[in-house]
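Just the one chain here, the form predicted alone, laid out as structure tokens.
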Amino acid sequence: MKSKYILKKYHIFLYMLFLLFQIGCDGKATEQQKIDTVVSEIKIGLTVYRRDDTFIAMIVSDMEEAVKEAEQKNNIKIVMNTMDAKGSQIVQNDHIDKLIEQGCDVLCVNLVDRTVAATVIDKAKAADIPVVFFNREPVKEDLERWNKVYYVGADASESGKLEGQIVVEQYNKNNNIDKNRDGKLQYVVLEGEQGHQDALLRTEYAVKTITEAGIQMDKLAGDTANWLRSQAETKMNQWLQIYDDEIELVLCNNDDMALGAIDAYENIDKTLPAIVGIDGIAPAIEAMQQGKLLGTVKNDAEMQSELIFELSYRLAMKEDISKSMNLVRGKYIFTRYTILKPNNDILNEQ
């Protein structure tokens, strides 16, 4: 009996040794796994519809700064490859292919044509690379094609409402916008791109906000200038030949086009009507301070770029962003617009 008892204790002792050995091995394996999974470099692929777009140029510049700061803060190498599609979706599709081939950890895409987002998503999904769309929002159905697709931007309808509010406030203040005193505003619209969601919403809600405030409006003309200052100047020159001093208000979907409208008036030394824009870029702010631009709506490029980068960084690091990022409906991150007018408090903080 005694020998059986001793033998039993011996077996227990051996089993305990085995468990300790196994735990030690597992511990070493776990530590090795941690070492193996330490990320020393991440690659971000960035493609934009046009880098010569002033607002997009601000986004790219701010993201480059965010990369430098994150490298220093987190002691990690971050490679961001930026590609300019120059307004061609065909070129951008090639860029997507190249960025995927380069082994990017995440794709940041400012679409040329928002209606072809599905193609980009399907390519990224096949390579298991998350996609962060920004500035040009794909349709809801496309964003729902895959659980690793996101959008960072601002609500275009809000910018239209705020642009309209600038006009309403000035009209109610002293009514000097209505130059011919007929109780109506004769206006023209410089729109972004044909069929572009932001262009449509900005125009719709700017006009709606003004009319709902009880101000009557007569539309003289409207056309696209593709967000570009030069095209807006050309279009404005054409309208001035037709309508001359009849134009009392110029609604512009962005600041670059507003600046183009100003250029057209100044080139022929004519008195400026009320001109409003959207984006809050530096040249527009300067134009406001000079009394050439009635006001603009700040689209926070710095905040958007910070959020685009943060989301991209966390995705590249395989983090659970549902816990670390404030996502709307699990897909969206929205920034807010702000009205900018000469001498207001927000403008003085710039």
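What you are looking at is a predicted structure, and each value in this text was computed from that prediction instead of being measured. In case it trips you up, residue 1 is the first one in the sequence shown, and so on.
Although it is not shown, the form predicted together with ligand GAL is what the next lines describe.
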Report yes if all three of Asp53, Ile56 and Trp227 come within 4.5 Å of ligand GAL in the model of the complex by some heavy atom, otherwise no. yes
In the model of the complex, which of the stretches 61 to 69, 285 to 293, 45 to 53, 321 to 329 has residues with heavy atoms within 4.5 Å of ligand GAL? 45 to 53
Can you pick out, from Gln186, Thr209, Thr203, Asn135, the residue that has a heavy atom within 4.5 Å of ligand GAL in the model of the complex? Asn135
So which of Lys161, Lys235, His196, His95 reaches within 4.5 angstroms of ligand GAL in the model of the complex, heavy atom to heavy atom? His196
Is Ser312 close enough to touch ligand GAL in the model of the complex, meaning at least one heavy atom pair within 4.5 Å? no
Applying a 4.5 Å heavy atom distance criterion, does Glu191 contact ligand GAL in the model of the complex? no
If we check ligand GAL in the model of the complex, which of the residues in 278 to 308 reach within 4.5 angstroms of it by a non-hydrogen atom? Asp279, Asn299
